[in-house]
Structure formats: C-alpha cells, structure tokens
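Next up: just one chain, as structure tokens, the form predicted alone.
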C-alpha cells in the first residue's frame, strides 16, 4: 500500500509516518514540500505518487488568529481538503482527514457522538466543519475528530500543544494555569496514528469517527494526573474560561464518545493509560 502523508512534520502527520513507514510505502510531504492550499500543486504531487491512501496531517491551527484571518483558516482547513478529496477521487485513493471537537458549541452535558449536530462558534471551528464536508465528498473518506492532542512520534520536532506546556511548566517547578471548567477527551497522537493505519488496512466502513482516548476530564483533573504520574506535588492555578483572554470562543464541554470506533473493533485506551505511555516516552528520550 502506498500512503501519501501531507503535513508530515506536524504533530499527527509525523505520528502517522512513524506508524506506517515500516509496513507500507510511505511518502511524506512537509509543508515546505507541498502547500496543500495550492490546488495545482496538490494535483501534481498526487499524480506523481499515485497513492492508495492520502492522509491529511496539515491544518491551520491558530484558533484565535482565525478570527482576524478567516481566509487563511478556510484555505488551510477547508479548501485544501477539497483539493485532497478531488485527488483521492481521481486516483481511487482513500482519504483520511482530521477534524476537531471545536465543531460543537460545547453546551452539552453528555458525550458528543457522531450523530450530534455541529454548531461551530468561531471562524476556526467553521473552517474545520467545512473541511469535514469536503473530505466526505471523497468516495472513501475517514474523517477523524481528535482533540487536545498530546505526545509526538520518536524523532519528531518539539512537542506542541497545551499538554506539553503543562508538562514543561510542572517539570520546571512552576505552577501552570489550567481550566477547571473545560471538559475534554484528550487524544494521544500515537493512538490516533495506530487507528489511522488500522482503518485503511481493514477496509473499515468509511465515514465520520471520533478518535479520542476513552474517558474525559477537566484540564485541572488532567494536570493533577500528570503531576501524580510524575511524582510531583500538583502546584496548579485553576482558572475559569470566562476569565481567560481568549479571542475566539471555545467549547466548554467537548468530551467525545469513541463508541463508534469501538463497535468496529478499534477500542481506544483510556486517557490515564495514554498519559503513562506518553511520560514513559518522555523519560526514554531524556535517558537517551
């Protein structure tokens, strides 16, 4: 199987390359090698590679910046996906695209399922929802909603995201600020990459899937667990979303159900287990 991964140096793209490269012919495109917002460049690159699977790890991720630059968000998160979906159709390839919990408004009190109606509240969220629609135009598309990504593939660039920031602050002996009223289902990128490979290998039914670690927690609870597993005193500063200077609205309750994935035999480990493996990877890097 020939797999083309775009955005291959990003957090999830690098994890997919690491997961697939030893078992499949994997062609990795960094942003410098392929700008997915350039329709002609996408078409030309896929014509050269003739992939069986296209994995889109590229995205415009500046949530607050999207409010001031909505065209950039649309180009990176929606129109780029349309170009990849067209290439997938042309070459008879499967398309894997990653979306976000931000497509929901966050007013729920129970786990969101794939059947729940999206209601984006920001320019970023709207661009991600439009990207889902474009991706699902491909004849065989897997749209995986992930959230609160953490971890990185061995050998990839520096870890990014809120969780990496919390970890680094704790390790520095300082007290990170964490939301006490925002509920999430964190996603370990290594687990998301494994599911990506399993989906395309198994010929699973295409469609929309929530791909998050099992369970849910507030950011405060997550940070406490991180500190506990590190053996550190949990010096934390709880804050509320209403008190944070956020340009774009965030969903307050955005825990996702991964029952649909489990129903096809792809159970996701719980988030506490994912944290343990993440920290073990961090320790291994330090010792090597």
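Positions refer to the first chain, counted from 1. Everything numeric in this text was worked out from a predicted model, so none of it was measured.
The following text describes the form predicted in complex with a small molecule, which does not appear among the structures shown.
Student: Using the partner position in the predicted complex, report whether residue 37 sits within 4.5 Å of the small molecule, counting heavy atoms only.
Tutor: Residue-level check for residue 37: yes, a contact with the small molecule.
Student: I'd like to know if residue 54 sits close to the small molecule in the predicted complex, meaning any non-hydrogen atom pair within 4.5 angstroms.
Tutor: No, residue 54 stays farther than 4.5 Å from the small molecule in the predicted complex.
Student: Is there any non-hydrogen atom of residue 160 lying within 4.5 Å of the small molecule in the predicted complex?
Tutor: Close contact exists here: in the predicted complex, residue 160 approaches the small molecule to within 4.5 Å, heavy atoms only.
Student: So in the predicted complex, is the small molecule close enough to residue 191 to count as touching (4.5 Å, heavy atoms)?
Tutor: The answer is no: residue 191 has no heavy atom within 4.5 Å of the small molecule.
Student: Does every residue of 113, 183 and 215 put a non-hydrogen atom within 4.5 angstroms of the small molecule in the predicted complex?
Tutor: Checking in the predicted complex: none of 113, 183 and 215 is within 4.5 Å of the small molecule.
Student: Which one, 59, 254, 261, 46, lies within 4.5 Å of the small molecule in the predicted complex by heavy atoms?
Tutor: Selected residue: 59.
Student: By the heavy atom within 4.5 Å rule, which residue out of 200, 149, 87, 178 makes contact with the small molecule in the predicted complex?
Tutor: Residue within 4.5 Å of the partner: 149.
Student: Considering the small molecule in the predicted complex, find the one stretch among 167-175, 130-138, 100-108, 203-211 with heavy atoms no farther than 4.5 Å from it.
Tutor: Partner-contacting stretch among the options: 100-108.
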